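Quick heads-up: it's one chain on its own, the form predicted alone, in structure tokens.
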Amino acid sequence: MSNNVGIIGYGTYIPRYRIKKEEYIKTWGHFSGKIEEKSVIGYDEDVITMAVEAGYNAIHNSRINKNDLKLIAIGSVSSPYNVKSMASEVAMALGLPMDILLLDFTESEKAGTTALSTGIDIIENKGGYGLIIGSDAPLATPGDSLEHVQAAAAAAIVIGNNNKSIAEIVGKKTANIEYISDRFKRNGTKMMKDLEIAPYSNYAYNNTIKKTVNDLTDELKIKLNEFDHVYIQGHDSRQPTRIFKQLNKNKIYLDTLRIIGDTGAASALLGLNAILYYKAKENDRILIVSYGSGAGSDALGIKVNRKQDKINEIPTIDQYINRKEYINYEKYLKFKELIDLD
């Protein structure tokens, strides 16, 4: 790809509610997943409200005129609608132009990077700015090991001409290796399912990610360890560290997975935003890798130009992470509408 598109700014939203793994252990006698706690969507929140907050923050952090936005692309596996655009509702809430291109992606937990990759191609050809959002709160049957780590968050970035960017998108690749999906949601249901065949899941995950990363490093003509920061999407912090034995493990960013949980289609963009906020310095190279069961993997190479300027009235990712209100398992079920509210 030609290097004409970069990241102009970013913003996040993380719900204040958290549930600790001890609450699961009290209820079910066990907890599956290497995290300590996870973020929980509130009873008056959904992926739309989270997307609006993250999008608002990203637009203001970018210091652009929102009327210059040409597209809004959203990725999520938790859309509240079967027939209706998430992007249209978010665009209306943010007061975006009526002629803006609306794109929804719901194919897998890599839908956030699917939205980003598509947005890059369109903005590169048409110019202007694009708002890309991953917003998710996946749901599974209570007690399933899958459900233990599923969390809630939204992450947004504004992309546009590299002349104004805080980071350049220097390359992107997609691997679409055909494996039977081990994680899926049947039409007409809200609950995600997992085949729970660990050897198969690990085989599909490892080989798909290795393919897309190898393709990207070949295109950029660099070695994996030349990246300063790496985020690999995973269900918890164990998966990303098992893939590349040659990669310096200190370069793998795991904090958002450890302290928030698996945020589905928001995961890769949230990891990128956290690296840009906490870790990245000028000229650092970032590798972002997403994974969607049955849908493949995206890999993006990013070079940092500068830190994002801080706007006092816009919450930072640090502020969202550190504001917490812990809830018990009963309240968690109520917030998820798995039992009646009273």
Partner chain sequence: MAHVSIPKYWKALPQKYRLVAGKCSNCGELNFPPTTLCKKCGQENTQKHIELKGKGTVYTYTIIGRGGAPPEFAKMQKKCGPYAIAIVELEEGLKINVQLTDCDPFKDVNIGMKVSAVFRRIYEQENVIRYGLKFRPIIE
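Here the structure is a predicted model, which means the values were calculated and not measured. Numbering follows the first chain given and starts at 1.
Not on display, but discussed next: the form predicted in complex with the partner chain.
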Heavy atoms within 4.5 Å of the partner chain in the predicted bound form: does Tyr43 have any? yes
Please check if Lys66 has a heavy atom lying within 4.5 Å of any heavy atom of the partner chain in the predicted bound form. yes
Do Tyr13 and the partner chain come within 4.5 Å of each other in the predicted bound form, heavy atoms counted? yes
With the partner left out of view, is Glu89 within 4.5 angstroms of the partner chain in the predicted bound form by any non-hydrogen atom? yes
Location of the partner chain contact in the predicted bound form, chosen stretch of 226-234, 162-170, 92-100, 68-76 [non-hydrogen atom, 4.5 Å]: 92-100
Taking the partner chain in the predicted bound form as the reference, which of Ile48, Val304, Ala295, Ile35 has a non-hydrogen atom within 4.5 Å? Ile48
So which residues in 308-329, when you check the partner chain in the predicted bound form, have a heavy atom no farther than 4.5 Å from it? Glu313, Pro315, Gln319, Tyr320, Arg323
